[in-house]
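Only one chain is given next, in structure tokens, and it is the form predicted on its own.
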Amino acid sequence: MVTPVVPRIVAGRIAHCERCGVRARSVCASLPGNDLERLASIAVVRQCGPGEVIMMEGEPAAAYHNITSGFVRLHKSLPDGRDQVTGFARPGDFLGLASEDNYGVTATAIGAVQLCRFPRDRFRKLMHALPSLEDRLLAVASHELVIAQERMLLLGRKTARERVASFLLDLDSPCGETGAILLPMTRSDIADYLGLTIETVSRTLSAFRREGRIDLKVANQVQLIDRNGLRRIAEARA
């Protein structure tokens, strides 16, 4: 049996995929080796600098993007020219899903970002050929719907303390015993996303620190000390 020769550029992408620290949380998590090769063959690894636009609201949705490192700010333009932060994407998140042919939001890099870019047409063809990839994408879309519903609850019913606690817990992820999470976004962006003022966000974080629920050792990093307490606050049980 003759072993097929994998082009060097594709082999390099496969190696990149195999070393990827967020693969287990990414859209490619369900793919076995051979299928991963097919996905790697259409991927382009892209490095983005701080403030670089990854996709622009209203422009043709030409590609999908899988974040492998760094954070991304998601925002929409309002009719009066203002900008509304609608969310933050982090490693493992998949961007570019659109119900129409144009992007629904703008995605801007917060700091350095690395991502895998997949041309939309080629990705869709591959998705139809690989049922496991299609199932995974459906799961991603369903998760985004749940997030949208939770955001409606966040803005419509929760108090400032409940909103900030929910935000911190949402960013929380396995990160060792230190329990530290990154907050690379500005306080202004956090406030905009939560529907609060910058002063309210700062006061609430300071209150959580005084209460021993978090520690703010550096400006862009928070250590969660009392997760259960924060969870009780987020769920309006405290």
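Everything numeric here is computed off the predicted structure, so don't read it as measured data. Numbering starts at 1 and runs along the sequence shown. Each form is matched to the other, and the largest set of C-alpha atoms that superpose within 1.5 Å is called the rigid core.
The following text describes the form predicted together with the DNA, which does not appear among the structures shown.
Comparing 116 to 124, 130 to 138, 155 to 163, 102 to 110 against the DNA in the model of the complex, the single stretch with non-hydrogen atoms within 4.5 angstroms of it is 155 to 163.
Interface residue remark: L216 is counted as part of the site for the DNA in the model of the complex, having a heavy atom within 4.5 Å. Contact check for E59: no non-hydrogen atom falls within 4.5 Å of the DNA in the model of the complex. Taking the partner from the other structure, the DNA in the model of the complex has a heavy atom within 4.5 Å of a heavy atom of S202. For R38, no non-hydrogen atom is located within 4.5 Å of the DNA in the model of the complex, even though that partner is not displayed. Although the partner is absent from the chain shown here, none of P50, T68 and K76 has a heavy atom within 4.5 Å of the DNA in the model of the complex. Annotation for 183 to 216: interface residues with the DNA in the model of the complex are T186, R187, S188, G195, L196, T197, E199, T200, S202, R203, S206, R209, L216 [heavy atom within 4.5 Å]. Core-superposed comparison between the shown form and the other one: the CA of R38 stays below a 2 Å shift. The Cα position of D83 differs by 2 Å or more between the shown form and the other one after fitting on the rigid core.
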